[in-house]
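As a starting point, one isolated chain is supplied in structure tokens, in the form predicted on its own.
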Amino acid sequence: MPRVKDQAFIISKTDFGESDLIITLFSLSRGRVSAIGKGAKRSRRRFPGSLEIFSRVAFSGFIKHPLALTRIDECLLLEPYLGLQESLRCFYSGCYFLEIVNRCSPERQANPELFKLLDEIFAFLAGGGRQSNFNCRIRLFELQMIALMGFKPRLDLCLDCHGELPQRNGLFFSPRAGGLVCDRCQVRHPAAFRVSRGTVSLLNQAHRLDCDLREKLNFTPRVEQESAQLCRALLRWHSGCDFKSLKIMESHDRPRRGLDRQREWNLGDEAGARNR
């Protein structure tokens, strides 16, 4: 039986019997795998607080059969990302990215760049996500993840007629086509929705941005809304389902957006009073 030694992120865990756990991992060398932690609920020596979601761990075990559960005998905690759980906004965002990996990444297919991106995402969220461009960074992480899983949208031509996109008329994004369609072809794509040229231009350049620019970049409300709609429609199409963590995250953000709008209205009233 081949031995296994690897690093992984903990995606989920489920009780199995009195002492074992069924664990879903995203590993560096094998991608998404299901494993069984023998005695994981009882042995603190072999599993010292290392099986919490988001944690990056080093594990060892063996594989009985290529299609069987990987057996984990020992697990060492490398990075717990504890700060990620101190903010509901960061926690729900982290759950959303784990759910994307769990639902959309192929089983037993290594993706080292996606593994590296998860490390970057969780480090950002563990820092508290206090940056003023938090939502912009989340959109950029979504786009990177989509590209690394092979779902990168085509935004340079109409994917129906393969013609050039119009300069003035509306552009539409079709999740089924995986990219843009022009206004003439939109009738054949009932799920397509309108996106602005500014959003398309920014998303075309997103993968070229370096780390410094990503930290400073901020989206306008329209670009933020359209890019979020585009990413999530694409992920929904490829996964065939809605993301539970996304619904919770959005319901948590809704009161915050309402307060932000109220502050804007109050500032407008104050400015109007000063002008009078």
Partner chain sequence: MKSYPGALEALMVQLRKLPGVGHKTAARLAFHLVRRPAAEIEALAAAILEVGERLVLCSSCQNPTESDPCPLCSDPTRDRHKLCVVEFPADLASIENSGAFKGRYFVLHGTLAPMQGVGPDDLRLEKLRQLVADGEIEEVILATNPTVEGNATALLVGEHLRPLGVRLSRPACGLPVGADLEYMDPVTISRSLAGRGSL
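Keep in mind it's a predicted model, so treat the numbers as computed, not measured. Positions refer to the first chain, counted from 1.
FYI, the form predicted in complex with its partner chain isn't displayed, but the following is about it.
Q: Is Pro48 close to its partner chain in the predicted bound form, meaning a heavy atom pair under 4.5 Å apart or at it?
A: Yes, Pro48 lies within 4.5 Å of its partner chain in the predicted bound form.
Q: If you check in the predicted bound form, is Glu99 within 4.5 Å of its partner chain, heavy atoms only?
A: Contact check for Glu99: yes, within 4.5 Å of its partner chain in the predicted bound form.
Q: With heavy atoms only and a cut-off of 4.5 Å, decide whether Ala58 touches its partner chain in the predicted bound form.
A: Although its partner chain is absent here, Ala58 would stay clear of it in the predicted bound form, with no heavy atoms inside 4.5 Å.
Q: Contact with its partner chain in the predicted bound form for Ser245, defined as at least one heavy atom pair within 4.5 Å: yes or no?
A: Contact with its partner chain, yes.
Q: If contact means a heavy atom within 4.5 Å, which one of 86-94, 147-155, 174-182, 105-113 is the stretch that engages its partner chain in the predicted bound form?
A: The contacting stretch is 86-94.
Q: Of Arg208, Lys216, Arg222, Arg44, which one comes within 4.5 Å of its partner chain in the predicted bound form, counting heavy atoms only?
A: Filtering the options by heavy-atom distance leaves Arg44.
Q: Here the chain is shown alone; which of Gly198, Pro80, Gly127, Pro166 has a heavy atom within 4.5 Å of its partner chain in the predicted bound form?
A: Comparing distances to its partner chain in the predicted bound form, the residue within 4.5 Å is Pro80.
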